[in-house]
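Same chain, two forms, each on its own as structure tokens: structure 1, then structure 2.
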Structure 1
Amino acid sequence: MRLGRLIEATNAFLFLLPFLLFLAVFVGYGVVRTVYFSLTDYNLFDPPKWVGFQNYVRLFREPDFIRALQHSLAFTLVVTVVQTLFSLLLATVLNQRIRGITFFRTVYYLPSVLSSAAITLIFLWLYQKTGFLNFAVSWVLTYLPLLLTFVGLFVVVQAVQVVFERSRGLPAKPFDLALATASLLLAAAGTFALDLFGVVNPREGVQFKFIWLNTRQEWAGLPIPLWAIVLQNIYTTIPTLMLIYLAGLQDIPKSLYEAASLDGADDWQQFTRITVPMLRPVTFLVITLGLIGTLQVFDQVALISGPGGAPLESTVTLAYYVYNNVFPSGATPKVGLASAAAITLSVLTLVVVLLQRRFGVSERGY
């Protein structure tokens, strides 16, 4: 019996050996060296000089580090909350049994498959002063009177149809699909007629030229270029988290929804009383991955803050602060300071995850 357990343990260790070697050489050794360099004054060229905790004290006296810390925490809070909510809602929609659902799942997952650098370059084009985003907003502002007219007519026609159907004793819902289709057609015809007779016309000469990148202006306490990175990060990370939620949704027993439906629970009650509680372990994973990923965001900041891009002080995060001190443009590297910032980032990530586990969503489903 002991011999069998020894053989089993040896086989397990042999299977784990490549990973353990990789972990020891590229992670363990790197962490030890980073801790050592954080206690020295080192510039990649001269021998390291022991300075103790001076780098850590110096960090919290540097405006750039404080700014990077504030940006990272705000970025993490906004992106994690928004991407968690939208990924759950999107997964709930794509979990329905409708025709062509595989196609929609594939389309919504594509942004996570593409390279982050390629996506960033595409967004750089979108964020230009004459880019697609400003063009789309200009188009919406131009045709806003017609769009508002269409929405108003749709709401009125839909309400009239629902009231009429209920007066006949039929259980018509406010968002009945058949009635909504008729309302859309009637609203489109009414809007076209009002435009044709000159009652409602689109605006002329509307040009929206918002500066997304080359600015230091702020909105809601954050620089506008950082908001641009927030939008891009949310767009690229929601599909992956959606897939995790989708797997969790498919593990929830259908019998729970059937029993709740028989008891008279509507869709919202089933979502809040069954779906959300049953997905607590999945939500814990999604939030944890979101916190770790957003605190360590780097590539999008590096590309958007490149030559001719957004000002560094408007987009700098902790990870990019570390990189910029090790590889400064035309200046002496500050490896000791960067190492101290890297250790601070690691500790901050660990603390945030532990706080989320203690006071936020638990990994347990009860």
Structure 2
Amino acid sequence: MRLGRLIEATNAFLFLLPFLLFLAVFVGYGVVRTVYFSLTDYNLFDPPKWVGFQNYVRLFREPDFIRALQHSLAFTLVVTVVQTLFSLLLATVLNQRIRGITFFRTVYYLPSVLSSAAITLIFLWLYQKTGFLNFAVSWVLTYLPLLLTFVGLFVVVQAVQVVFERSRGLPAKPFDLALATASLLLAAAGTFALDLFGVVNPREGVQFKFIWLNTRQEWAGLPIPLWAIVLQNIYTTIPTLMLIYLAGLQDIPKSLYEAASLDGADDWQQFTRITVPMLRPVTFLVITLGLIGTLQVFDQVALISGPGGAPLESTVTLAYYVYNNVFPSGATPKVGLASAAAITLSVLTLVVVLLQRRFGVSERGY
């Protein structure tokens, strides 16, 4: 028996050996060395000089680092909150037992399998001054009178219909979909007619040429190019998170909804009282994945910044700050400082994840 155990342990060790070697060389040694570098003055060429905690002190006096830290934290907060909410919303909409739903799920997931480099380059084009984003906004602004007329007509027609139905004793809700279909068609026809007779006209000469990237201007305390990256990141992460939510939604027993609906709970109540609490473990996962992913955002920053894109100081994040100090273009590497920043980044990640676990959505259910 003891011999058997010994053989099994040897086998297990041999099975693990390649992985352990890998861990030791590329992770363990890497972490230990970076911690060491963070306590030294080092430029990749001369031997490291011990300086103690000076790098950490210096770091918090570097305006570039403070900026990167602010960008990373704000980026993480905005992206995580928005993408979590939207992916939950989308998953709830998509969680339908109708034909062809698999097709839609596949289509929605497509952007998430593509490389961040390729997607960022496409967005780089979209964000150009005469790129498609500005053109689309110009289009909306041009047809704004018609769009507003359409929405107004829709609301009016819908209200009239609901009132009429109720007067006949039928239980019509404000958002009754059958009535909304009729309202939609009537509003479209009405808008078309108003346009035809020249009552409402599209605006002329609207040219929205907003500078998204090559600018140092700020909006709501964050540089506009960073907002551009926020937008892109939300857009590309939502589908993945939505799929995770969908898997979670399938696990909620249908009987809960049936019971609630018998008790007279409406859709919104069912959503807030059943769906959201039952999904709490999934939400925990989605938020944690989101936090880690966004705190360490690098690819988008590297690709958006540069000639024809955004100025680096408007987009720099912690991860990019670290890289840029180890491989600065045309300057001496500041490896000590970069290592200190890298350690700060990983501690920050850990703290944020733990804080969210303690005070945010925890993995424990309802």
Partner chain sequence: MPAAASTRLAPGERYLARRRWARVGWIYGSLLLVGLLFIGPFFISLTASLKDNPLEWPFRFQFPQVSPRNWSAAWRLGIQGANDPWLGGWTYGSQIGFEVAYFVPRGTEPTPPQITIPRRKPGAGQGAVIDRPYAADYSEASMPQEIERKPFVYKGESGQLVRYRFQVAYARELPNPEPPEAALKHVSKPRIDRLPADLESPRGQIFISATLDPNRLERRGRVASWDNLTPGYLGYTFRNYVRVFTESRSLETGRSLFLSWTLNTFYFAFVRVLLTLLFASMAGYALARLYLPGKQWVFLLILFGMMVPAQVTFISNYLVLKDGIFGFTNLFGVSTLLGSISGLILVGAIGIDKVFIMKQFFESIPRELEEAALIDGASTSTTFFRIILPLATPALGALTILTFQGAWNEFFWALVILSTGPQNAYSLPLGLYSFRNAYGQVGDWGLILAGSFLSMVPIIILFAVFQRYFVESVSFSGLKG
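Throughout, rigid core stands for the largest set of C-alpha atoms superposing within 1.5 Å between the two forms. On a predicted model such as this, the values are computed, not experimentally measured, just so you know. Just so we're on the same page, residue numbers count up from 1 along structure 1's sequence.
- Remark: the form predicted together with its partner chain is the source of structure 2; structure 1 originates elsewhere.
- In a rigid-core overlay of the protein, V351 has its C-alpha displaced by under 2 Å between structure 1 and structure 2.
- Relative displacement of the E8 Cα between structure 1 and structure 2 on rigid core alignment is 6.7 Å.
- On core superposition, F19 has its C-alpha offset by 3.5 angstrom between structure 1 and structure 2.
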